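As a starting point, one isolated chain is supplied in structure tokens, in the form predicted on its own.
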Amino acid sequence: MAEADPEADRRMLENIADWCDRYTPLVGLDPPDGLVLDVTGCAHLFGGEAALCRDLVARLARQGFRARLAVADTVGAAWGVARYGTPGVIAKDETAAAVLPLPIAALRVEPDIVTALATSGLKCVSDLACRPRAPLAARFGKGLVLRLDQALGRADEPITPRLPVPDAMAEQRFHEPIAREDDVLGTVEHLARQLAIVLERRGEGARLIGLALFRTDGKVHRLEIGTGAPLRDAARVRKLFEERLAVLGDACDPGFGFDMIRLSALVTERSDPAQTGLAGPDHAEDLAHLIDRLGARFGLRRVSRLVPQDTHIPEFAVIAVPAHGICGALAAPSLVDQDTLSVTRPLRLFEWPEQVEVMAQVPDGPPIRFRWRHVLHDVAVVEGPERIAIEWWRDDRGNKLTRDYFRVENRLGMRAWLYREGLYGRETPQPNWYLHGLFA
């Protein structure tokens, strides 16, 4: 007796499904104790379907698992034979002969339906196959008839893969496991060249690339890198995974080595050949490569760019967007280029402007001294004002006071961005002062 742990069982089944990905990328879960693999077009890599079954059962046995396998044209037939029949490979024209002798429970119907059918004297699939369908559906539900048709191949039953099916894929198997990082990266570059041929033929490039490293003990390491622009360059793919592996370190332990490596283009995008100039470097491509490297090290969601907006209000003048989402659209300079004639503003603003105490020679004049965070600063140089009127539709508090911004520098060289909120004597009797940001 042992206490049941369904959550641990689910995780174990998912781990085994990850490992079975070495045979086919189409692996579906059949909880609580089953997997469904679509090996169409994959069996020849292992010497046929029978050899694939022997290899899979032997590898699982070495890991401490007992498995029953059946290969059939339909999911229902394979499911029923694996659990209630003689495991093995069912020939294409022998599906009905293999399914009909099985008990009705092999059709994946509810236990109460099996009991009700047994009470009526129907115990085998053959007892149902020879009876009219309408009475069965009326008494036991359409699900029973559907399961019968699925098992016999009269109705389609697609597999729902646990992982997304890649747009393109290349893999390499090894007779002797490899463990050195240089060997892994060399294999990645080799597989990337194979992917590039397929993608170039389609006129596409990869935007999300996945790497699966299958260890000999059954563990699978999965790595993903995103790209800022469609990518087909094998050398750059290797460089990006080199950056990724450098970040992971011991988290990607090879153990006793990897016996299979798969490189997949999970997301692709149209990539037409570009005419490059004969003089000068391609800055857009260099920037995309930089964003890819930063994304490989820190994650693409941590790499952002500030895009100017059509407003003068500092809080809304720029927005942070994922860098990889717009670097492919660098042909629109209005989105990313800084206007060199615009006024100078801090690169980084405070999340909320901080109120300060200011002394000025005249009430509506520039500051000559201000106190910020309990420290008094004497102003040596001041520029301004830059007057900004708040847009009425952006304010939800009824506060539409005009701002006068000043760029000030104290006697120690610190440069700050101050503003006075409200026009003196017209919008407010006593304007407040705030520090909005600091210059580098």
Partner chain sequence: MGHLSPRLNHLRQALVGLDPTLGPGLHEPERALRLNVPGIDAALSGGLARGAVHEFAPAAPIHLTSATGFAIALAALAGREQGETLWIAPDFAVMESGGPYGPGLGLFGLPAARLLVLRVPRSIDALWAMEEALRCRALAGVIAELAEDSIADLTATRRLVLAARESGGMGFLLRHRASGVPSAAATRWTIAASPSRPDRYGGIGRAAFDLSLVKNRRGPTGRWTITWDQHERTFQTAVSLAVAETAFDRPDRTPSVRTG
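Just so we're on the same page, rigid core means the largest C-alpha set that superposes within 1.5 Å between forms. These figures come from a predicted structure and were not determined experimentally. Residue numbers count along the first chain shown, from 1.
Same protein, other form: the form predicted in complex with the partner chain, not shown, and the subject of what follows.
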Find out whether any non-hydrogen atom of R345 is located within 4.5 angstroms of the partner chain in the model of the complex, and reply yes or no. yes
Does G257 reach the partner chain in the model of the complex if we count a contact as any heavy atom within 4.5 Å? no
Would E351 show up as a contact with the partner chain in the model of the complex if we use heavy atoms at 4.5 Å? yes
Any chance E383 has a heavy atom within 4.5 Å of the partner chain in the model of the complex? yes
Every residue in V379, M414 and L438 with a non-hydrogen atom within 4.5 Å of the partner chain in the model of the complex? yes
At 4.5 Å between heavy atoms, only one of the stretches 285 to 293, 162 to 170, 91 to 99, 197 to 205 reaches the partner chain in the model of the complex; which one is it? 285 to 293
Answer option from A129, V318, L223, A105, heavy atom within 4.5 Å of the partner chain in the model of the complex: V318
Would you mind picking the one in A323, V81, V188, V75 that has a heavy atom within 4.5 Å of the partner chain in the model of the complex? A323
Core-aligned CA displacement of G28 at least 2 Å between this form and the one not shown: no
Threshold 2 Å Cα movement between this form and the one not shown for H374, core superposed: yes
Using a rigid core superposition, assess whether L136 undergoes a CA shift of 2 Å or more between this form and the one not shown. no
